[in-house]
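Listed next as structure tokens: two forms of one protein chain, kept apart as structure 1 and structure 2.
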Structure 1
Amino acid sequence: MFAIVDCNSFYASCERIFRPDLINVPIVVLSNNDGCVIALTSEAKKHGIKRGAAYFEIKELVRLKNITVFSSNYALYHSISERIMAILAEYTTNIEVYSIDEAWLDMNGLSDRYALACQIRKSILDWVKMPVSIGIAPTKTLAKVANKIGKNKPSGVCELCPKEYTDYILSNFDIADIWGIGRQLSKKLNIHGIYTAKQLSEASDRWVRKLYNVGLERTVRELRGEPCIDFETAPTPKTIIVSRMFGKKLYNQSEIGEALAKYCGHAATKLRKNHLVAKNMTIFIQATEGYGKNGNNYSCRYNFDNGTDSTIFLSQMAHRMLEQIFRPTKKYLRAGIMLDQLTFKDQTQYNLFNIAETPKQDKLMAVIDKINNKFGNDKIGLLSAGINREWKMKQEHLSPGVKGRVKLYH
């Protein structure tokens, strides 16, 4: 039995934690540079706003309907996510963190799963003030279905058991809402007379595999109650990508270098947190020759002799790579880095001739992480990442920073 814990309107709910006056008030959260809507509450949806809508197109509606607008505050969202995952760890060690606002729980062998799910939901609401919904079922795909049903229940919890209840739910569940199906594939299935999850579950495996793919066949079998998607308690990231749009177009190489150094710091911190090192790094910059014209992408890739998790080393290499791809006649919109060929640090074989620097770097990075964990992100970092950072994203509606750390009492 699987359970999926999903935070309701996560980004907007994070803002409400520190603004209880916004309960039942319509909220939208904007993307990088305040470009478009990436999250919204049910109250905002009632006014016809949809995810992905450009902010400039709904600005007048926002004003007329008194809709509260926030810029994305990823540091806040990450902090709240960590607290929620810590609460889940109080109840079980078998957790698969699926995304910033979702986690799978292994509920095998538990007798009263529904009561436990209700207790978990209450704890998260009491300790973090975050509303969540929980779906329980024999497979991950069915648990996703149960989670969607649970969002409309007063308890916020739904368990697909017994089979008769599951059949009833699937008979009234649109295939477009099934995990992994989506609108485009559902239209193709509609042509064959398949409109509900129940109808899809009754399709022949051979027919599904022949006309579509193995992935859809796996979904069909999961809808029948046959587990086909494994539970991973510690999934290892295959790549780490940090990329942002600039708040304004840049033509200065030093400013772009500052941004890349900043992104290297974020990526390296994530490496160290997961006890990983990277063997490869790619940097990329996107330029435009003028306003309204198509952008041009430039990239450079470098293979390290040793796997690394050092912010200093990654930043130094990023600056060297930038010199090779920078074009002084262009203006730049975006930059980013990608780390791949990730391996666990304790399984890495180092180069004999430069291994001496590794212990020194490790000690320095450990001190930096300790300071930032205690006093907040970016309290200490590289000077090469800049101080004023005029290139940073536009965040005109950013919620004020929360001083100190909010402790969880239970």
Structure 2
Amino acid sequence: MFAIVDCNSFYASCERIFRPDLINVPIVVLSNNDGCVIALTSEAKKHGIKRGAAYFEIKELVRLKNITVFSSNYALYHSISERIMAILAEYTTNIEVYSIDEAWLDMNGLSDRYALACQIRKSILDWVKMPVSIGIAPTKTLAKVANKIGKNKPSGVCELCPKEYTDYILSNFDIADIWGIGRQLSKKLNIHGIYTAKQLSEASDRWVRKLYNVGLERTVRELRGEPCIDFETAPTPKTIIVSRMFGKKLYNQSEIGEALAKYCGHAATKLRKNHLVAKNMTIFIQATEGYGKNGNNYSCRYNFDNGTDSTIFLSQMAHRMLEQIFRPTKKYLRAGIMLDQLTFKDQTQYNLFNIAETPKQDKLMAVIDKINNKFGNDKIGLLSAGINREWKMKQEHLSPGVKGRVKLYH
């Protein structure tokens, strides 16, 4: 038995925690660079705004309807998320943090699951002021269905049980809302006359597999109540990507270099947090115009002799790689780095003849992490990541940082 705990309009609700005056007021939260809407409250939805809408297109509506706008404030959202996960951990040790605003709970062997879910929901609301919905079912896919139903219930909780009730729900559930089925697949299934979750659950495994792939077959089995997707306690990342649009177009190699150095810092911090090292790095820059197979994207890939988690080493490599792909006549919109071939630091094989890592550098990185943990991200970093940071993204509606705010719960 699985339960999925999902925060309602998470980013918008986070902003509301510190602004009780915004209860029942429509709120939208914008993507990095204030580009488009990534989260919105039900009140904002009523004005016809959709997730993904371009901000410049709804600006007038926002003004007319008095909708409150926030730039996304990830430091705040991560901090709230950690508090919620800590509350969940008080109820069960078997918890899989699935995303910043969602977690799976293992409910096997628990008797009154519905009452427990109501209790969890109340704790999170009382202590963090975050509204959540909880779905309970024998498979992850069904739990997601239940969660969606729970969002429209006053209790916020839905358990798919008994079978007649599940059948009733699935008969009225649009396939486009099923976890794992996106726009393309639902269109494809509609052509074959499949519109509801119930119809999809009755399709034959072989037919479904032939129509698309094993992933869809798993979804179908899960809809029938057969668990195919396991509980994963601490998934380790396989790739780490850091990429951002710039606040304005850049044509200067040194500014792009600064941005890349900063992204290397973020990526390396994430490596160290997960006790990983990377053996491979790709950097990419996106120009405003271009041609060829990859259009306006230019990238460069490099394999290290030894896995690394050093900000210094990664930044130096990124700098050299940028020299190879940078074209001076172009203007650039975005840059990014990707790390892959990640392995655990204590299991990695080093090249005997080229030991790049030194204990000294490890110590330095540990100190940097400690300082940034205590005083907030980016308090200390490499000079190569720049000080003025004119390329920094636009965030005109940012709420104050989380450090120094009132404690939310004891």
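Rigid core: the largest C-alpha set superposing within 1.5 Å between the two forms. Numbers follow structure 1, counted from its first residue as 1. None of these values were measured; they are calculated from a predicted model.
Trainee: Do you reckon the form predicted alone is 1 or 2?
Mentor: Note: form predicted alone is structure 1; the other is not.
Trainee: Using a rigid core superposition, assess whether K210 undergoes a CA shift of 2 Å or more between structures 1 and 2.
Mentor: Yes, the C-alpha position differs by at least 2 Å between structures 1 and 2.
Trainee: After fitting the rigid core, is the C-alpha of N303 off by 2 Å or more between structures 1 and 2?
Mentor: After core superposition, the displacement of the N303 C-alpha between structures 1 and 2 stays below 2 Å, so no.
Trainee: 2 Å or more on the CA of K249 between structures 1 and 2, with the rigid core superposed, yes or no?
Mentor: It does not, since the K249 C-alpha is displaced less than 2 Å between structures 1 and 2 after the core fit.
Trainee: To one decimal place, what C-alpha displacement in Å is found for G182 between structures 1 and 2 with the rigid core superposed?
Mentor: The alpha-carbon displacement, core-superposed, is 2.8 Å.
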